Ligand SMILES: CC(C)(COP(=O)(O)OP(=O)(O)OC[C@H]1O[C@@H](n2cnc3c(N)ncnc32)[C@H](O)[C@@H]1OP(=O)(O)O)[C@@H](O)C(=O)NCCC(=O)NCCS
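The chain below stands alone, shown as structure tokens; this is the form predicted alone.
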Amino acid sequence: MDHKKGKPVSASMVIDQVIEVFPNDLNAHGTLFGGRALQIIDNLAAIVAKRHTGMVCVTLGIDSVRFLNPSYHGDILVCKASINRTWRTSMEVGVKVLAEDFRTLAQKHILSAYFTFVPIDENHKPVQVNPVIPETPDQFRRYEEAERRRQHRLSAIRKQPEK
């Protein structure tokens, strides 16, 4: 892939990946474990990053995780993920999860998060990321918002005391 050309968001996105919530996914309150939800979306976001780069990608960070509603046994998780923006050696993948009641098909938004991934070579060194090309108004909005989140993350890192 030519690094100058880029790759459209649609080439790597995941739309409506479904996962059923089983009893072993639940906490003592009978709702989906937050850690299980994070495992699911980290795997999904990694797939999007791999599709975009054609390389192994590692999670650099997760931010803006919001658990908005609970999910219960039997719910069907409907997951969506896409590249929001790329930089020289990193990229942001946004993930949204809906819980669907299999009886009524009613959906509720339960979780959103932003992941930063870095593709690595066989020596575990970061490599350059292909640019991403937004195609829809929502993708252009997410592209712009991703840069603001990145600047916020970088300013927080700069404010940390040195070790």
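This structure is a prediction, so every number in the text was calculated from the model and none was measured. Note that residue numbering follows the sequence shown and begins at 1.
One more form of this protein, predicted in complex with the named molecule, exists but is not displayed; see below.
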property	result
The named molecule contact at Trp87 in the predicted complex, heavy atom, 4.5 Å	yes
Partner proximity in the predicted complex: Arg141 to the named molecule, non-hydrogen atom cutoff 4.5 Å	no
Val118: touches the named molecule in the predicted complex, heavy atom cutoff 4.5 angstroms	yes
Arg66, heavy atom within 4.5 angstroms of the named molecule in the predicted complex	no
Heavy atom within 4.5 Å of the named molecule in the predicted complex - the one residue of Leu38, Ile47, Leu60, Met55 that qualifies	Leu60
In the predicted complex, segment of 24-32, 105-113, 121-129, 47-55 with a heavy atom within 4.5 Å of the named molecule	121-129
